[in-house]
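Before any questions on how it binds or moves, here is one chain, the form predicted alone, in structure tokens.
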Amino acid sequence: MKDKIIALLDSAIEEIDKDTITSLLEQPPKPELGDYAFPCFQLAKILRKAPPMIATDICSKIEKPDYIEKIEVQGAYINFFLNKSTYAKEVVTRAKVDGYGESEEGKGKTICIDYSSPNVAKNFHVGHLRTTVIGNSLYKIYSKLGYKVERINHLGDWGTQFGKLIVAYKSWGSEDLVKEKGIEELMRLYVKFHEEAEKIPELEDEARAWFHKMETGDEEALKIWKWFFDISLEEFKRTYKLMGMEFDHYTGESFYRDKTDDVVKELTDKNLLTDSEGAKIVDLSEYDMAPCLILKKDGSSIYATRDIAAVEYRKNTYNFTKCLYVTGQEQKLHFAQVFKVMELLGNDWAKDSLVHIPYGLVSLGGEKLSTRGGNVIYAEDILLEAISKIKEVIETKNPDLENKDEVSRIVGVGAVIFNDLYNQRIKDVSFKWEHLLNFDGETGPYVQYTYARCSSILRNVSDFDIDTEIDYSVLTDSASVELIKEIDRFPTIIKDASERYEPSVVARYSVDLAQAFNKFYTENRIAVDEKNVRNARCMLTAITRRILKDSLDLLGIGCVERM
């Protein structure tokens, strides 16, 4: 409906464009001032008239359609009052159909999303949750819009750190302990290496030598590396399963190690490589960037080399429209360098197709997490703690609930994911249990509880059919209209979230929808004797329930029928 009013104004106003009209159109603070209002102050300078006079002139050019009850000028504002019954019918007719909010925008197009990407032989800590849940949500959002999405887990499974780990394992580790404790033991060895290297700097040279052996195909080095890789992937997949997530590809850095020679050759052939103290770099000073390191002094590849190889492989394999990289904002320069090198190689598509999607830090109690220092909180521990705490609440409030373990998992994991995605991704996130698990605040459990409430209402009204005829005059009270407005927003919300790479748009919308429904539920009895009233209100309940489920699904969160 907002789009329709924007179109009416656009046809009547020549002096400003549609985007400006969209930015100016607002919802008045009081219902008596209309459903939408357009202020004319900005036009005063252009037309050299008083804003009230401009409002009157514009209003005279608009022919009132059926869905508008009246248009009034009040001072400098043009106020639009919707025909509530017509509006309700239009929205309900669209929203009750399966697939509401879906689009064919992405038909025939592919988007690659590079996300999660934990480092092999290091724990999947709480900091990795951000990239994982943001990337998973973007996958679902773009799929809803019709794109084919390739979910790529670019594991950190190559680099000098594995030389360090091999040195640590051979110096202070044992096969039995690694088999018994897995990543926990590998992490202990990794931390041990850095402690010892501060006292014995030569260990760093030894680590570089072992990584060079990996790069040159040394059998012993690769055997140990592959063992560490398999142990790590098994533990990562356990965490992904707990969150209900999957990937299409686990193609980490090692996948591209046999493709880096082609990158070096291509850069050499195009005269982009220069020597720098024995290393090979691409000079980016012309673009106000530090040089992009391609080969280290010993000839080993580095992150950038492998990332360039990955871009070329993905473009050739998937012919993506866009390739998105969901990583921390501290990697902004790295990706700017990689993308610029891709442009310099003559790839005109790189400028618009390669997108870095940064996010802020995550902390527990305000303390930044550091792998090297050993100050680590496992993501799995956070998730299991949330599940445990939700189960305690259920045991207190609804001890007879069926499937308590599964409900606790869905609500507990959902609470952690929602806590992250409710924040704009660029902002830092802190885990605070008292907020995270609140059933009354702007939280995942609150939205899930509203969904369960909708389910309960519909179970208790056995004669409702979503295809029944509706008396739309029942849905003209303010609470019903506000709920209908939220329902109307859903397709625009998905589109907005995709354009901004911002799952928080969906998360915040789900809270708005839940709040609007709970107000509607408070002010309107649903299980009443009058069938026309009961059916109309059940219709809004059924549509709300479906959109809440779809919204939570777009965030990677499940729903439960009873809580």
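Numbers follow the displayed sequence, beginning with 1. All values derive from a computational prediction rather than experimental measurement.
There is another form of this protein, the form predicted together with arginine (ARG), and it is not shown here; the text below is about that form.
- The stretch among 449-457, 150-158, 470-478, 483-491 whose residues place heavy atoms within 4.5 Å of arginine (ARG) in the predicted bound form is 150-158.
- Of the residues given (K340, K140, H128, R409), H128 alone sits with a heavy atom within 4.5 Å of arginine (ARG) in the predicted bound form.
- Of the candidates T443, T327, T239, N423, T327 is the one whose heavy atoms come within 4.5 Å of arginine (ARG) in the predicted bound form; the others do not.
- For the chain shown alone, Y303 is a contact residue for arginine (ARG) in the predicted bound form, at least one non-hydrogen atom being within 4.5 angstroms.
- Although the partner is absent here, K109 is not a contact residue: none of its heavy atoms lies within 4.5 angstroms of arginine (ARG) in the predicted bound form.
- Though the partner is left out of this view, S353 does not reach within 4.5 Å of arginine (ARG) in the predicted bound form, counting heavy atoms only.
- In the predicted bound form, arginine (ARG) sits within 4.5 Å of a heavy atom of S117.
- Residues of 320-351 lying near arginine (ARG) in the predicted bound form, listed in sequence order, are Y325, T327, Q331, H334, F335, the criterion being any heavy atom within 4.5 Å.
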